[in-house]
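For reference, the chain that follows is the form predicted on its own, supplied as structure tokens.
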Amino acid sequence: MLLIGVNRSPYTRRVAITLRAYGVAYEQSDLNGFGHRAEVRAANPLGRIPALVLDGGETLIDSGAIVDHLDETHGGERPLTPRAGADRRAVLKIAALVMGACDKGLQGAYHRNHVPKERQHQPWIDDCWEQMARALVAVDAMIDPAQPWLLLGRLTQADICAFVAERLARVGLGIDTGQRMPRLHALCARMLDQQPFRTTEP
């Protein structure tokens, strides 16, 4: 398999962590949608990362769709997203919340970094980042510090998505997660000791 994308992207890293957690061998092409537009668009007409080229040549796009495929083909009896019921809904809810938070954080960052200063609207940037922070605070409130994972007593996509969102907030946007969402910050620090998270660090 070939994973196209850089792990600075929370969406690409979500897939990379999932591949590692399932023990799937893969190569990675460190392309991004800004510096390598033609190459990325050859894999995904949207020009977005990640894309995953399967061994048979088929290319999957969008981190959620890629993860769904990996759950189906490598998840066995305990996929990272449960197959049905309340457990599935709980994992999907957190994944949607924190990946949506990534969307808002990156929208604000794009506006700040790529719109001319005189055309920037700082209140909109601030609101994007506050939306992200509030989503992470909501997840923080769900965490039991005595438990090793967010849900179900085991690693799920809820943990992986929360991890990449917390890193984006803390490293990419300068949000003080240790102060604003300390339980999430501590959980992510513990996750970084685990091989799938540690070996995909940008």
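Quick caveat: nothing in here was measured; it's all calculated off a predicted structure. Throughout, we count residues from 1 along the sequence that is shown.
There is another form of the same protein, the form predicted together with a small molecule; it is not shown, and what comes next is about it.
Note on the interface: of 22-30, 173-181, 45-53, 139-147, the segment with non-hydrogen atoms within 4.5 angstroms of the small molecule in the predicted bound form is 45-53. Taking the partner from elsewhere, D62 is found to have a heavy atom lying within 4.5 Å of the small molecule in the predicted bound form.
Although the partner is absent here, T18 is not a contact residue: none of its heavy atoms lies within 4.5 angstroms of the small molecule in the predicted bound form. A residue is said to contact a partner when one of its heavy atoms sits within 4.5 Å of a partner heavy atom; Y110 meets this definition for the small molecule in the predicted bound form. At a distance threshold of 4.5 angstroms between non-hydrogen atoms, L97 is out of contact with the small molecule in the predicted bound form.
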